[in-house]
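Okay, so we've got a single protein chain in two different forms coming up as structure tokens, structure 1 first and structure 2 after it.
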Structure 1
Amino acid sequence: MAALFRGSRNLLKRWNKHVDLALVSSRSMASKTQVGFVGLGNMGNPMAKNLLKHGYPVIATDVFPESCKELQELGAQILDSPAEVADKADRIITMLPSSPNVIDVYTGPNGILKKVKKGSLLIDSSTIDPSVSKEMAAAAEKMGAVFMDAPVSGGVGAASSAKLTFMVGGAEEEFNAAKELLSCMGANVVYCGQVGTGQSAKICNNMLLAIGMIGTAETMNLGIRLGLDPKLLAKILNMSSGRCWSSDTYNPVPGVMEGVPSGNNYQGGFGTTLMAKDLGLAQNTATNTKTPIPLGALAHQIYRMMCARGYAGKDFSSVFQFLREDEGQSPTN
């Protein structure tokens, strides 16, 4: 009798395990529903590709139709407007250049909120003013949708290799749902707090990045003028206390590193215009909170000068070239 009971109990355990696995499989398959993506620029394009690689059907749109061709060839469905994307998908990621772009994509005549479904999850990975994120969240809430800000750090290389860092702001109970998608595109997904805190973290990061890049460019330029080989100087910096991301991962001097914009005439990467925009956001928030940022303000001025001097379309590491040309030297002398 005891043996029969044990046999029945083992059979029941196996059956329960089978049912549990079936439910997990069912939920996993259900989670691979369509994901909308708006904004297929230097960052958005590789991010959307990584969603496709993870088995998510992608429905996308971009203001520039030519930006959609490559993704369409990989199997994404391309639509004409953000509103059409919202009509087809209840999880949407946006990656846009600035606050006005975000406002238009969400609340404009053909915006997401015109056709958003109740219960939709809207994740904005643009870098914008935290106050705009809060405005979009309030507008989405009125339509029964959830908006979260999730700006990124890491650049185009990290976007391509799915190693971005996402800084997420929004309702904590929605974080896991957002993380499911963001983990397909990044190595780090960090919850920062309520809506707008992700943007705050990103603005702080980019202000430090700009200051560090200018410092690295100045240091490398001084060393070169003192007769040091730039590769040797970079090697010394990167094994010493001056080491930073701008020196060891994204060096601004042509010929020092491969696979970075400085090795490709500062093409690709993170544009000078975007850095100037982000520093403007830092300046505005610092003014609003009465926070002194003397180096951040100076970095903002330098990048604005660069935009006015023909560097707007180049990567922000071209500050090295700007400093060299400002001295009447060619970038490679």
Structure 2
Amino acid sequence: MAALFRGSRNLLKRWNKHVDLALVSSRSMASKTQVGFVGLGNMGNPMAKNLLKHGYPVIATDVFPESCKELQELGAQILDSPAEVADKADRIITMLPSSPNVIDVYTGPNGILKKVKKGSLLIDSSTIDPSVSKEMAAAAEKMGAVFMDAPVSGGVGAASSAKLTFMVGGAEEEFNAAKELLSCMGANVVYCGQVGTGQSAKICNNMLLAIGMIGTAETMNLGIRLGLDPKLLAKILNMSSGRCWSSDTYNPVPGVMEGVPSGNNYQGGFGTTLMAKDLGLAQNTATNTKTPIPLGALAHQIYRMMCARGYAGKDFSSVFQFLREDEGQSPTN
């Protein structure tokens, strides 16, 4: 019903946009038709599985054929390129590592836009520069397709259990169509505004997350040095104004909480390299908009230094370890 209503509301809007309405209607009215999926990495794979679980036929591709095996065994159809996927499916989700990959998958020689159908809905869940999202949206619009950015919050665990949060940017009248698919893969689907604002929201959140994490790490380290018990200090912070997600949900000090990477030698979780990448995106958008981000910029540099000093593969809460005095260590280079 909602999809139908959305379709008819769109009718008027699209009339003015001179878009092929028949295709739009067919896409939105037959909601369990096949869905394309490009990018079957650590995140994309469980996301695509959740689409299958909800009864959507999935047509997928990935640059690494071996990444496609598991999904193929579960019934997905595997094709050779994004262009071929676009030839068969008019709703496509992409989940890729960084801006250049997104540019290639959409506008490259075998890219989606080479064969995209008019009226198609293209949803990119990669975390990239919002300006690239806008470029892709403009390129898609030229081909009569709709592009939305929908980056996620939550890691591999949330992807597997369909608990992701999607932050969606794009034309508001397309949000419900996007939400229909994204709801199969996430617990929250939030509309943020025009194209690129999904990325902006994601980038803003991760910048504040990085600041909170480093702040928590150095505060806990200072308190411990001053003679405070770490569990007690965490308890005090969490009932006071120092409280933040990194102190009460993902504490970086080993032994304070269970089930977090700090309790497992900083294995798993959200890697320092990925955080450094997201902070690089935040820095780019801040530089472009001439916005001062003093703590965000320093957080970026700290994660960059950590990558240079051997912490690239550890969870980003390992900044506690990086800052902790270790009298015995000598530099190895």
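Numbers given to residues start at 1 and step along the sequence of structure 1. Model, not experiment: these values are computed from the prediction. If you superpose the two forms and keep the largest set of C-alpha atoms that fall within 1.5 Å, you have the rigid core.
- Each structure shows the same chain on its own, and structure 1 is the form predicted on its own.
- Of the two rigid parts that account for the shift between structure 1 and structure 2, the one holding residue 100 holds residue 35 as well.
- Two rigid parts account for the change between structure 1 and structure 2, and C-alpha superpositions put the rotation of the smaller relative to the larger at 14 degrees.
- When the core is overlaid, the C-alpha of residue 253 ends up 6.2 Å from its other position between structure 1 and structure 2.
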